[in-house]
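Presented as structure tokens, the chain that follows is alone, the form predicted on its own.
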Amino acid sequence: MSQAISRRQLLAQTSPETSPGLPGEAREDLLDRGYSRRQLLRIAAVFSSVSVAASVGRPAWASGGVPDPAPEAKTRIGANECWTGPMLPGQAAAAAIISASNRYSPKDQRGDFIKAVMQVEAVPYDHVAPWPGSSDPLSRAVVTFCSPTKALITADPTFELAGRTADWLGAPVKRVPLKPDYTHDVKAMLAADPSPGLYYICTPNNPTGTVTALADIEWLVANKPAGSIVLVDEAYTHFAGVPTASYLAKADKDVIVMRTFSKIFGMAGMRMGYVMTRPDIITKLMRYDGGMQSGALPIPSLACATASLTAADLIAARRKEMQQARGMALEHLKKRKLKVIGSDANMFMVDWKTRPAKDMQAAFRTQDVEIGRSWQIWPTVSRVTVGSMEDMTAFCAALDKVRT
């Protein structure tokens, strides 16, 4: 009886007024999984208004998703953005639909986008959910499958948003070092916890740009505990041009594959992304606000993404342009005898050995070049985004001045 009273009290304390934006079914599920009233308020901050977030502090998705504005610099190679804007077919499609933006949905833009994903990735219609970027669904996955008793398993170093979201919510986080070749150590990730909620694999990895073999991901999916989910973040996959994990998303596996248009498609400011997974997993991800985040998308962004996604020749051309600029910069660093972690994506890591990465970032700013940040596990290593050939030429010139 005391347990029933306690549950009624908890439900009363977590009403729509105390956890705005969370439907009743979502609140009950979160309580069942061991979240406290305070944690529900933090979850509401992830999915609700700025005023709710401000009342409890800055939520993890704000500090680890979209970067803070960088200092003004002529050469901006610090945020893993594309060096140029949306592809021309995407720009034309977005421009054409702007005049109809007085309508919520002048035509089925969302459906057209999903059909484009189906065409490119060969996944069923009901296995695709578009979102404004990938930060929101990544944080949702942590909320949905982790809890105070269900850990997040992630690599170290990797993109921190999943780990920061789990830390913010009070869910355990197990950070597993990368293998000597800088790919994910899936066997160590499996051994890190007997029954986690979510495994996060970023491939190509941010910040190392290294690709984890699909065979390793398949092994993890086949050997993980029942009920745990494997999230494969392929934000940079178009830069690598390697086979992707989308086939796992349609194979009735416990897998979510996530993509964004912020990288090779040059649409970071347009906020477009999507997930591919089983329909029941999509339903779980969408229950915290009735699916509004997946449904309410700007139609110019949808139109731009739809036209860009199928532009295979343009994607290949951008990849080749990046590879040439990256190759030139890496050759320059090699001649300077600096240790570089090679990459299959639009970034690489430079080890300054005795100089802290933060000091090197400040030094490059004196040359009007903004390079990337470092990770706690590697305090002398900086991430550098690969920009245009002009950008990387400026980086090399700045490097020589900074090292003098």
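In this text the structure is predicted, and so the values were computed from the model without any measurement. Quick note: we count residues from 1 along the sequence shown, nothing fancier.
Although not depicted, the form predicted together with a small molecule is the subject of the following passage.
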query: One residue of R140, R318, K263, R326 in contact with the small molecule, assessed in the predicted bound form (non-hydrogen atom, 4.5 angstroms); finding: K263
query: Single option in G133, G78, P300, P196 placed near the small molecule in the predicted bound form, where near means a heavy atom within 4.5 Å; finding: G133
query: Interface segment, criterion being heavy atoms within 4.5 Å of the small molecule in the predicted bound form, picked from 210-218, 111-119, 166-174, 229-237; finding: 229-237
query: Any non-hydrogen atom of S246 within 4.5 angstroms of the small molecule in the predicted bound form; finding: no
query: Close approach of K224 to the small molecule in the predicted bound form, 4.5 Å, heavy atom; finding: no
query: Contact flag, F159 vs the small molecule in the predicted bound form, heavy atom cut 4.5 Å; finding: yes
query: Contact test in the predicted bound form: N206 vs the small molecule, heavy atoms, 4.5 Å; finding: yes
